[in-house]
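Take a look at this single chain, the form predicted alone, given in structure tokens.
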């Protein structure tokens, strides 16, 4: 009947933000489902799926004159919730127009609920910076919080380390360690894009840190200006979740492999030469390791350095971006990574080839006689 119709009051997200900022008494009720809550919510909101509102709201909000703002994803479920609350006698009830989606689009801050009931905040600028990540169901607020908490170590700030570190910084990796003892040279700039002409003569870790911090001030860059050695490898790698191997020599690759195995750290390995590159992930958990694939280094004449043989300038960009992709996937636990697979790239033919890798049971680093199972 028209005389019994209920008028639902809607409130704009800007007004909700203003109420919260000014400290006006307001109870927020998030009526989305639990799996939606995991992607983020407004700070302090009651996480109460719509089906539970009528049963629980009087216990949680006994004073029916309390101002209540209900919200859902886009504003439909919250409007129905507002009708329920008014029918129960609540006198100041609003449905937030556009819901949590509009709150996100407007750049307001929100938080990620955690299992212990605490929440990891994401500021307004961060919400804008990572907005395209937040729209991906595979990442969302919870995933971005994982990226911001992650620690990734880049071995080398050269051809591979440059694109890898840039994209990891842009993605919001919270801590990036950079290991390199070289200085920037003019001949580096054809491919090492984390450096500029003004950086010539600077230590690479300082040049890289300046560029990465300028790109994303959220990122904490740890400068490790040294050469990785048997004496320091374990101590350096121990503090990181994922290791990016961008080294350009076999000795360092074996060293990184052995230290990572001992520590149980995954290594994302890439190598480049001429017009070709290769990429794989050594997971350090019962999967093939670097020594399984390359038991012994090849003779020097079959493995010249980039300085000796040359390299296409854009080639490390392709492989470095793929390294960053694998790192993000490992941190988030999404997708299929390259463990047990070697991806080979030929720039001249523009062709990717995939090869299966098998663990060597006699491998001196991870085989049955090594102490690693």
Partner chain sequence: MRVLIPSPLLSYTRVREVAASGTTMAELLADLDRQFPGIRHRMIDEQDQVRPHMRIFVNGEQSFDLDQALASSDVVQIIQALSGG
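Positions refer to the first chain, counted from 1. These numbers come from a predicted model, not from an experiment.
Below, we turn to the form predicted in complex with its partner chain, even though it does not appear here.
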Its partner chain isn't shown here, but in the model of the complex, which of 245 to 253, 215 to 223, 104 to 112, 165 to 173 has heavy atoms within 4.5 Å of it? 245 to 253
Within 4.5 Å of its partner chain in the model of the complex: all of 271, 278 and 297, by heavy atom? yes
74, 293, 149, 83: which sits within 4.5 Å of its partner chain in the model of the complex by any heavy atom? 293
Answer key: of 318, 332, 342, 61, within 4.5 Å of its partner chain in the model of the complex (heavy atoms) is 342
Taking any heavy atom pair closer than or equal to 4.5 Å as contact, tell me whether residue 354 reaches its partner chain in the model of the complex. yes
Would residue 25 show up as a contact with its partner chain in the model of the complex if we use heavy atoms at 4.5 Å? no
Hey, in the model of the complex, is residue 158 touching its partner chain, heavy atoms inside 4.5 Å? yes
For residue 65, is any heavy atom within 4.5 Å of its partner chain in the model of the complex, or not? no
So which residues in 86 to 109, when you check its partner chain in the model of the complex, have a heavy atom no farther than 4.5 Å from it? none
